[in-house]
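Single chain ahead, written as structure tokens, the form predicted alone.
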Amino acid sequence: MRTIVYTEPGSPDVLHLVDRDIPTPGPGEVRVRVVVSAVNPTDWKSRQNGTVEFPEVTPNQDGAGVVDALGDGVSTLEVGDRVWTYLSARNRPTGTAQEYTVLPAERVVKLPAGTSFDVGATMGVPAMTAHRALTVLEGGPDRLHAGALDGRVVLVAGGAGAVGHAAIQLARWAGATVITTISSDEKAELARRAGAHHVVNYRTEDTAAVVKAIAPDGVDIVVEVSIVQNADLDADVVGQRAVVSMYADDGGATAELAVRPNMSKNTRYQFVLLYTIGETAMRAAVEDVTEALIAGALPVGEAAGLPLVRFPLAETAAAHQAVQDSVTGKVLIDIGDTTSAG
């Protein structure tokens, strides 16, 4: 089979296309014939800055495809099931940038009928991170469903990114009023297509004034991509006992928080890293995202506010570079029969 591997950390140039034997699933594992692999920032950061703990590593946490073989003891899936995967390369050498990948059965999730492989491949890191960010409000829901966030106001920083896009969609599905900040007219249109009720261009508008006019009692949840840039804004616009859910590290920069404005509102700051949220939160995210998929609440593509930028498997290095360069949209790698990807 064709697979992308690297044996040392570094730039996208360390990624190589090679031929390897098709792997056999062990007990509790399944083999997935990968149709679409997705690239997230965590993938290039792990490749560039991580430690290579195996003789060779195949990158990419997320993907979608078809169950091809079952290991002993697997009863939750069947050969032929259309599935999406998450944390595929977490503590394992086998990510989704290859024609077949073997994974623990619990990291492989059935795709609802009618859900495309493209949608499935985008669910893992972005949608599950967004789910966690939206479910850590004190007194708020720890599960998402239609109506779960009725009466709440959610501010999504960077609504044109993959996590921001998923946060807009999930919050809208759950009944929240959704405000998002963006940096251009192009991204504003994408955020509107994703379902944001209000879009604020932070480069040309007084963001705090606009947000407070929309939500005079304050924002309940901030899904924050850049706490370094937005700390003062968040402290200004949140309401009492709000939460600021931070899922990005701004390249290792240090944020400064004003004590008194946050203390007076009892603001909670919640760090969010999908890898370490725990199995209970992980399972809740998988189940709720599946329900959102069944409801048709998580479409992708330009018309849905998340353009798809596609590469063939042989150009995985270019796909990683595109994400590293902050391309607008979701980067996908076509691997299998994409005629059925939808």
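Since this is a predicted model, take the numbers as computed values, not measurements. Residue numbers run from 1 along the displayed sequence.
Quick note: we don't show the form predicted together with a small molecule, though the next part is all about it.
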In the predicted complex, does residue 163 come within 4.5 Å of the small molecule, counting heavy atoms only? yes
Given that the small molecule is not shown alongside this chain, does residue 226 nevertheless sit within 4.5 Å of it in the predicted complex, heavy atom to heavy atom?
yes
Query raised in the report: Contact between residue 283 and the small molecule in the predicted complex at 4.5 Å, heavy atoms?
Result: no
Point to revise | Contact label in the predicted complex: residue 272 to the small molecule, heavy atom within 4.5 Å | key: yes
Of the candidate stretches 24 to 32, 309 to 317, 294 to 302, 39 to 47, the one with residues having heavy atoms within 4.5 Å of the small molecule in the predicted complex is 39 to 47
All of 129, 158 and 181 within 4.5 Å of the small molecule in the predicted complex, heavy atom check
yes
Partner-free chain; cross-checking the small molecule in the predicted complex, the single residue of 173, 247, 100, 86 with a heavy atom within 4.5 Å is 247
The listed residue (230, 115, 94, 169) that reaches within 4.5 Å of the small molecule in the predicted complex by any heavy atom is 230
